[in-house]
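The same protein chain appears twice below, in two forms, each given on its own as structure tokens and labelled structure 1 and structure 2.
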Structure 1
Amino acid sequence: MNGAQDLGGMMGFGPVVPEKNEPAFHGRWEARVLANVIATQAIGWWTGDASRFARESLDPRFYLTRGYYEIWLAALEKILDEKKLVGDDEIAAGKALREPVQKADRIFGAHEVEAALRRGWPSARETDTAPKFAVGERVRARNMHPRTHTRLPRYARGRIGTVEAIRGCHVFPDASAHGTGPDPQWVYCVRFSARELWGEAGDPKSSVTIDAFEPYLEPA
């Protein structure tokens, strides 16, 4: 979707200023938010892509005025409410007020969350299909504007680039975010020149590479 999170190439937001020696967390509450996101997602009722869609679906006025983990917490609360694990009044109260309409099969402890972080969530999948595009081929990113989740940046849509590598077949976020299964798709590393993306204002010596899923691309 064309949400507030899709800021790439947009003017008016100023430069990205990295924080020197930035810590992993600026407060203990941020670590707790991350742990809760992982532990609740491990229940298996939604995917990481669904969590991303919840974050990008937040009101733009909220999204653009909050910190990283404030956004993560708000998205988690939204999902927990939708799944009937908590209610709006419980979120406001900061505690359980009744038994949930649905109950998880189990509760995950701190050691399991830590193990999940170390293990990660590999997205590569086996397939019996062949990639549609080849290295060196020119492709166009589709000019698409779905209301659902997508990982194709808005600034690349409709632009022409060159396939530099084939990354294998992976879980398709556009499907995974909405509970329709992994729907594995081929992924390509595509290089776009800055001039192609931003016109004459683009640096002629610069380019951007994007790992794009096959359904995002068409022959140029």
Structure 2
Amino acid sequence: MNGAQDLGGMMGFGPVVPEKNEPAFHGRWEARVLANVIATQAIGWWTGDASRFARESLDPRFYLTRGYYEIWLAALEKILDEKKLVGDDEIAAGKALREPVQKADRIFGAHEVEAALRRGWPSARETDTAPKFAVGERVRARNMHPRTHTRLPRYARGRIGTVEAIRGCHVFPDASAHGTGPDPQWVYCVRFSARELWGEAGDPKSSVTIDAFEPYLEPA
């Protein structure tokens, strides 16, 4: 969706200001937000892509004025509320007021954390289909504006680039975010010249490369 997350090419946010000796977390609550997001997602009732959609579909005014982990927290609360697992009244009360509509037969246990984080959740999938585009081929990113999750940034839409590599077949986030995954699709590394993306404002020696799912592309 065309939400506040799609920031590439926007202006006016000011300089990048790195923080010296930045800690991993700015306060314990940030660490707990991260851990609760990973652990609840690991139950398997929703995907990481669904979590991303929950973040980008927050009110843009909220998204652009809050810190990263506040966004993560708000999105987790939104998912838990939609799935009737935790209500706002329970967070306000600081205790469970009713049973969750779904009981987890297995939750993310301490004994499996190390191995699970080490293994990760790879998105690559086997496929019988052949890739539609070849390395070196010119492709156009579709001018598409779904109201649902997509990994195609606005600045690339309608622009012509060149396939630089084929990244394999991966779970399609546009489907996986909305419960219709995995629907695996080929992923292409596509390079766009800065001039193609930004016109005269583009650096003549620069390019931007994105990893685009096959449904995002058409022959140019």
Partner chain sequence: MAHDHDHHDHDHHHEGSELSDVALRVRALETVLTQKGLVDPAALDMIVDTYETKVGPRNGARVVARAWIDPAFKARLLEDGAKAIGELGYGGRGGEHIAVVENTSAVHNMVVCTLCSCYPWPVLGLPPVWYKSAPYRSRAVIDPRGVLKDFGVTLSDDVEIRVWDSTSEMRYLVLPMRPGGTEDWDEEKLADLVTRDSMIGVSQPLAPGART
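Rigid core (definition): largest C-alpha set, two forms, superposition within 1.5 Å. Computed from a predicted model, the values in this text were never measured in an experiment. All residue numbers here refer to structure 1's sequence, counted from 1.
**Q** Only one of structures 1 and 2 is the form predicted in complex with the partner chain; identify it.
**A** Note: form predicted in complex with the partner chain is structure 2; the other is not.
**Q** Taking 2 Å as the cut-off, check whether the CA of E114 shifts that much or more between structure 1 and structure 2 after a rigid core fit.
**A** Yes; that C-alpha moves by at least 2 Å between structure 1 and structure 2.
**Q** Quick check: P204 between structure 1 and structure 2 - does its CA shift reach 2 Å or more after fitting the rigid core?
**A** The answer is no, as the C-alpha of P204 shifts between structure 1 and structure 2 by less than 2 Å after core alignment.
**Q** Upon rigid core superposition, what is the positional shift of the Cα of G14 between structure 1 and structure 2, expressed in Å to one decimal?
**A** Its C-alpha shift, to one decimal, is 2.6 Å.
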